[in-house]
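Have a look below at one chain only, the form predicted on its own, in structure tokens format.
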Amino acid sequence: MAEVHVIGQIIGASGFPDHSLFCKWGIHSGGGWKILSGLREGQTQVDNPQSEDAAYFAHPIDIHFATKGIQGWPRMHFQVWHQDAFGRNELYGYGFVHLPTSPGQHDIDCPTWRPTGTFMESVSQFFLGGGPHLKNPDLIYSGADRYKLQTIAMGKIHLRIGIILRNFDKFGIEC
């Protein structure tokens, strides 16, 4: 089987309205993909910079796949959360990116968005926190019903990802 090794890091996030951010991430792939080693999902630490406009995570990613074809190429999905002074967590955005298909090192910026609610929900969110969430997190990376959502743009997640391809030519797989 052909192999894909993804090595890199979630560098950080910028462009969000507040500091004290953390990120939950996951990798989704098609049925023809098998994880040989590494974690499919994870979470960064909370970064609360005092004078910076960006949060820095430097969270490692190391996952090794085996595949029979390129259908269902892996993609990363993210949830960015804000932790307030009372320890409450509030969703700040969803985002996803397709992992690059070419070998080498890639710097990727992942734009994020969050669902908007009604006017009353936004007033409630301002005073009480919280806000609308997706009932089904699969909507982050599958576009089936995502076009029906009303969303607002948020910040960006910064990634540095290295892709290593092995035995693709041996098994006749072209990217």
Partner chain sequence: MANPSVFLLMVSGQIESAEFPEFDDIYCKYCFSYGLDWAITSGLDESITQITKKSRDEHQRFVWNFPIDATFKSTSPSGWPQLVVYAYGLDAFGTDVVRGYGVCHIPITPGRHRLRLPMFVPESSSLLQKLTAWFLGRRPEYVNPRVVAQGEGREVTRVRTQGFLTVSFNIIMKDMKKLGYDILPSDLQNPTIPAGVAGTDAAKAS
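Residue numbers count along the first chain shown, from 1. Not measured: the values here are computed from a predicted model.
Beyond what is shown, the protein has a form predicted together with its partner chain; the following relates to that form.
At a distance of at most 4.5 angstroms from its partner chain in the predicted bound form, none of the three residues 29, 72 and 139 contributes a non-hydrogen atom. Its partner chain is not drawn, but in the predicted bound form it has a heavy atom within 4.5 Å of residue 64. Using a 4.5 angstroms limit between non-hydrogen atoms, residue 1 is distant from its partner chain in the predicted bound form. Within this chain, residue 15 is remote from the site of its partner chain in the predicted bound form, having no heavy atom within 4.5 Å. Its partner chain is not drawn, but in the predicted bound form it has a heavy atom within 4.5 Å of residue 48. When its partner chain is considered in the predicted bound form, only one residue from 108, 58, 35, 149 comes within 4.5 Å through any heavy atom, namely 58. Contacts to its partner chain in the predicted bound form (heavy atom within 4.5 Å) from stretch 5-19: 5, 7, 8, 9.
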